[in-house]
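First, one chain by itself: the form predicted on its own, in structure tokens.
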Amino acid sequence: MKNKFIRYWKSILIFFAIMGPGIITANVDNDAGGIATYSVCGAHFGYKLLWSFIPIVIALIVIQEMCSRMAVVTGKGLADLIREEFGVKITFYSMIILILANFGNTMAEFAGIAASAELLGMNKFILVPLCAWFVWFLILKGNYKSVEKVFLAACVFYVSYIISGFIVTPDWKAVGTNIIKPSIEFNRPYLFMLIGVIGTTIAPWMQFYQQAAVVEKEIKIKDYAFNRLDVIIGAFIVNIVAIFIIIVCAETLYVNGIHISTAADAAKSLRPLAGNYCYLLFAIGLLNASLFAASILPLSTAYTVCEGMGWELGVNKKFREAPQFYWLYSVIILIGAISVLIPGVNFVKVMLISQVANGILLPFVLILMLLLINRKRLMGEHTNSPIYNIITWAVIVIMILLSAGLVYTSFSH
């Protein structure tokens, strides 16, 4: 009995030591663009799209688990493996599209910081530079362990959206019914929103960042079960938060026929309908999410490009040891922050271009991942099982169709 108790607590301690990459990567996906997408979804469609989060959770777990498994078994990042196995040309074009998408996404995150400054009665010309300096200093002066602790702490603040969900006292029976019973409509607004909800939850940068983070954390194969649990928990948390954002907007904006286009619009509209507490929780949640993503997206880009080019990289290295890594990280943050302070920049178009880039790159990345993970020379006994391959190919086909739909509707809108 005593030995069983010791093993139990030992397992818990090991999990907390390994926990991080899966939870952090998943939660960053609830960034300014994600919050805006879920807010618009709740305001325009009520609970109609809640059913989509069941297949989204499954897809997210499958895709991110493959990344973690490749990282643990090979000890290499995804861009590194693509370059070694498929050549420099494919890697180069992948990096170009990813940089384009991540530049746009990072600009959108700083736009989210600027919007939250307005909501909280702060000056964006003070808050944006302060936030840019903070995320730059955090990575430049920290190491992986200290940076990960800050990121995990940021994940806790997403509870603000869950609290907001309880404040508006939703019809829980209707929520449960719409989660388990699909309500599908075949019209352009509904399909466009469905593509947006799925597309904002699974983005190409996530695969590159998570695999790089697992490699830098040096997780061993004997502890992989705990890493898989980290991925599963992250997938559930990010989708639970998304569901609560939709619930808040459905119970307040949808029932009153109020249409919005941004997360800031949602917060402003909540104030007269749900009170100051809900308004402040939404505004604080937007600031936290934008700041969190403004740290991760440039970091993901730096990891990926340096892996693809074979340059030194990693938060544990000093500037002089990995200059390209830190310069790229710094330049992306600088451009993202400055762009928000320039009047007249159309961030809706910037986000649209980045979403199109994501839509083009995602199916390509997923196919390369599936080819890599089934190579016995790389993975040994840890290749996909036949059932797992069937599920993964199904996810890829669906994502290709949805991404193609996103590109088509984006340009034809």
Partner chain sequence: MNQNGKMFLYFSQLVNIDVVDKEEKHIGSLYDVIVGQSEIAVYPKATHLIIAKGLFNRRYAVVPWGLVKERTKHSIEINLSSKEVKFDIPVNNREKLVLKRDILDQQVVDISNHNVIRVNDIHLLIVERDLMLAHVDIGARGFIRRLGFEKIVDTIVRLFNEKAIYLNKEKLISWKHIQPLSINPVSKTIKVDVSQRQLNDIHPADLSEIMLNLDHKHRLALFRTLDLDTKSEIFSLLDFPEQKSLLDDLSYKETLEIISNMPSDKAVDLLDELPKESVNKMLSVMETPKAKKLSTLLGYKSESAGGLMTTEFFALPQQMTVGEALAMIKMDDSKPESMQYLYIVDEKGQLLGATNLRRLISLDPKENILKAKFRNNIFIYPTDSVKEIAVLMEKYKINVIPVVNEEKILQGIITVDDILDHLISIAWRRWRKKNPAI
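Just so we're clear, the structure is a prediction, and the values are computed from it rather than from any experiment. Rigid core (definition): largest C-alpha set, two forms, superposition within 1.5 Å. Positions refer to the first chain, counted from 1.
Beyond the structure shown, there is the form predicted in complex with the partner chain, which is absent from this document and is the topic of what follows.
Heavy atom within 4.5 Å of the partner chain in the model of the complex: which of 277, 319, 133, 93 fits that? Just give me the one.
Checking each option against the partner chain in the model of the complex, the one that comes within 4.5 Å is 93.
By the heavy atom within 4.5 Å rule, which residue out of 168, 127, 309, 240 makes contact with the partner chain in the model of the complex? Filtering the options by heavy-atom distance leaves 309.
Exercise. Could you confirm whether residue 87 comes within 4.5 Å of the partner chain in the model of the complex, counting heavy atoms only?
Key: Result yes; residue 87 sits at the interface with the partner chain in the model of the complex.
Requested in this report: May I ask you to check whether residue 76 falls inside a 4.5 Å heavy atom distance of the partner chain in the model of the complex?
Outcome: Yes, residue 76 lies within 4.5 Å of the partner chain in the model of the complex.
| 4.5 Å heavy atom contact, residue 72 to the partner chain in the model of the complex | So residue 72 counts as contacting the partner chain.
>> Within 4.5 Å, heavy atoms only: does residue 181 come near the partner chain in the model of the complex?
In response: No, residue 181 sits far enough from the partner chain in the model of the complex that none of its heavy atoms falls within 4.5 Å.
Taking 4.5 angstroms as the heavy atom distance cut-off, pick the stretch from 310-318, 204-212, 243-251, 153-161 that is near the partner chain in the model of the complex. In the other structure, the partner sits against 310-318.
Quick check: residue 323 between this form and the one not shown - does its CA shift reach 2 Å or more after fitting the rigid core? Yes, the C-alpha moves 2 Å or more.
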